[in-house]
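Heads up, the chain below is alone and in the form predicted on its own; it's given as structure tokens.
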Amino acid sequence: MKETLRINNVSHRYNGSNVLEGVSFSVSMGGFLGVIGPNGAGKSTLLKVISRSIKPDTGEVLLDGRPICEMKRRETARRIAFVPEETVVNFSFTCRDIVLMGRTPYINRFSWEGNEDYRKVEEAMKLTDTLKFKARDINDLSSGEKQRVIIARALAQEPDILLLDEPTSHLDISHQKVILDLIRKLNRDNNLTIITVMHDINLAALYCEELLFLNNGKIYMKGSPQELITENNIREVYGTDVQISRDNKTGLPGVIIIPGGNK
């Protein structure tokens, strides 16, 4: 597959401490990468660097071989969309208004939204099954419904790459499945490249084609769920003992927590 995104020797510091240190990897077009690791490993910071929310201290992010720092913000926003862990809307906006905000990179400074923008908004809301909410206030929705609207806003940008930071946090198991099934469908049917941060290792193994283990701001390992999710790797990265089960049909690993103290 054609390489879409390359993170090249990226490092970043907060308050004198290394949050990311010498991180290098690539993601191919249409790939589905899950970023996992303990709290404070640098997962969210990595997404912010890729999305240009923050500038790395060293290294660069290349999109189709071009440094994103040399691109215009409008061009980057047309290629990369970012769904944060939590979106707070302090004003009363309808869901359609929220999704329409995703068209900002396509609207000139002194222009108004056109028919094409509204068509793209409707397409994004259909894909996420949120068109039925278009006239409702975003703050009147449940957490799962609101998350689908925020994903629709990202899709309205028509990105090649979708970044998601903990897309299923604070959701019950039913809504987790709805959101992750949607993301996988977009990846498979629309060839949308997905990079998502996840805390739940079992969900990451079920949905992600490839995983990236971050630990203390460095890459511990990158590979398939079968390669990465082992008792030894979990012990090394998370400092805890677990048991690993294997699904008889898929061979995918599952993490079983061992109650009590570690060995």
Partner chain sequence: MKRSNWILSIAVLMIILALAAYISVFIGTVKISPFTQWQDYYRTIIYDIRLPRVFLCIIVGSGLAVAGAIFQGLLRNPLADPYILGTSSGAALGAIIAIMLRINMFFFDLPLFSFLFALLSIILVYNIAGAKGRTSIQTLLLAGIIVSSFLSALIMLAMSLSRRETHDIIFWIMGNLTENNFSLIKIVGTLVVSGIVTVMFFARDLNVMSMGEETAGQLGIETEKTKKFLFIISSLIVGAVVSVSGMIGFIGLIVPHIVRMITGPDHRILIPSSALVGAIVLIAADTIARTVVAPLEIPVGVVTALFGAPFFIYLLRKGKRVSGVKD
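No experiment lies behind these values; they were computed from the predicted model shown. Numbering follows the first chain given and starts at 1.
The discussion below concerns the form predicted together with the partner chain, not included here.
Contact here is defined as any heavy atom lying within 4.5 Å of the partner chain in the model of the complex, and by that definition not a single one of Phe133, Arg148 and Asp189 is a contact residue. In the model of the complex, the partner chain sits beyond 4.5 Å of every heavy atom of Ile183. At the 4.5 Å threshold, heavy atoms of Gln226 stay clear of the partner chain in the model of the complex, well away from it. Using a 4.5 Å cutoff between non-hydrogen atoms, Val88 counts as a contact of the partner chain in the model of the complex.
Interface membership of Lys72, defined by any non-hydrogen atom within 4.5 Å of the partner chain in the model of the complex, is confirmed.
None of Asn115, Ser174, Ser142, Ser111 but one reaches within 4.5 angstroms of the partner chain in the model of the complex through a heavy atom, and that residue is Ser111. Checking Ser53, Ser26, Thr58, Asn233 against the partner chain in the model of the complex, a heavy atom within 4.5 Å turns up for just one residue: Ser53. Heavy atoms within 4.5 Å of the partner chain in the model of the complex belong, among the stretches 175 to 183, 75 to 83, 120 to 128, 189 to 197, to residues of 75 to 83. Along 200 to 239, no residue reaches a heavy atom to within 4.5 Å of the partner chain in the model of the complex.
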